[in-house]
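Before any questions on binding or motion, here is one chain by itself as structure tokens, the form predicted on its own.
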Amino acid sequence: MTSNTSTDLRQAAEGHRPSAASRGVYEYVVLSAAGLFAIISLYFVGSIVWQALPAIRHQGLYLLTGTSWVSGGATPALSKFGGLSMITGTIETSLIAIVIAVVVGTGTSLAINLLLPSWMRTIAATTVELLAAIPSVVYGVWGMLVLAPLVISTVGPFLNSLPGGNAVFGTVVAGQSLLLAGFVLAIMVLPTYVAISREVIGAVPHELIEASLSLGATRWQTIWKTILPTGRVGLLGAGALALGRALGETVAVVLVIGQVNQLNFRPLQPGVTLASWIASQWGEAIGSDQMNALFALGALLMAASLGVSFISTRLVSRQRSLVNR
């Protein structure tokens, strides 16, 4: 038995597949599970695309460029389902979240890996990781009760006091806004970004750090001139992975963004995202042609998330290959 196992492992290492006779029950179970997962995934994606096709055929490019969302009722030809407001809101809130998460998360990862005493590193890392265990509805309630008053009393007036602030940022009304949604999303994606960026920073060869310090560079110069440039590809991958997480967040965003379907580029004004609009309109859409339009928005969101996840995986893999050279 040991001889056969060793032979199979040696053949696998050399690129040869073990014969069917040598495969045990466990291997067939694993292959069956993998096949079942592939079938379920294909069925999931196919069913969403299939449900979205009627809206794609009827609405065409208006689904991406229109701003009206009106159901024709008994006359589907009169229906207008435009998703530009949701697409714009998704991009705005995600960009706000990523900028904040990258700045705070990179500093956190550097502190955990390089600056904090050893006894504090585990505490800090565990605290950040615990943020991922908090339900999204709790983030939404916290943002509505704690951050919204802060936006009304402090952040909003400060932004409005800047030259051209009202024109650029808008006027804060009830606190619920694209900016508030971005703040909440930034905290939600922070554990994802910190987890990957810590790995990237930790993978920077110690020889480079020691060489920089031995040449007289200070700790901060070593961070800016050696560590961050060496890990920039992996940090971009971590940001892309966090972006994929931000794109699909729903419950917390519904509570803090205001759910106003209008094209808005001012962050202090309320807005809407793809995920939050799907969630808020689902009950009304059952049994109407609006359902197919929501599936179309879901397909668009799924494609965006898959694309961002693919990019992040490629970037992180490239960073590993650069470090291992």
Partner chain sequence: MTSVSGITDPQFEDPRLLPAAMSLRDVSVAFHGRVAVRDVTFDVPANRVTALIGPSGSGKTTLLRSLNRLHDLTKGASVSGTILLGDTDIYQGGIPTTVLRSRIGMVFQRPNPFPTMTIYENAVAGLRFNGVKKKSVLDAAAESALTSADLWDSVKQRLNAHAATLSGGEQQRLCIARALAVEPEVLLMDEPTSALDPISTKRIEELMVELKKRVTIVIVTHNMQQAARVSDLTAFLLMGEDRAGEQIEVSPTLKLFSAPEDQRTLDYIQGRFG
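Predicted, not measured: the structure shown is a model, and the values here were computed from it. Positions refer to the first chain, counted from 1.
The protein also exists as the form predicted in complex with its partner chain; that form is not presented, and the subsequent description refers to it.
Under a 4.5 angstroms non-hydrogen atom cutoff, its partner chain in the predicted complex has A217 among its neighbouring residues.
With a 4.5 Å cutoff on heavy atoms, E210 counts as touching its partner chain in the predicted complex.
Put simply, T226 is close to its partner chain in the predicted complex: some heavy atom of it is within 4.5 Å. Although the partner is absent from this view, T250 stays clear of its partner chain in the predicted complex, with no non-hydrogen atom inside 4.5 angstroms. Annotated contact segment (heavy atom within 4.5 Å of its partner chain in the predicted complex): 218 to 226, selected among 218 to 226, 88 to 96, 155 to 163, 193 to 201.
With the partner omitted here, the residue from S79, S136, T106, T230 that has a non-hydrogen atom within 4.5 angstroms of its partner chain in the predicted complex is T230.
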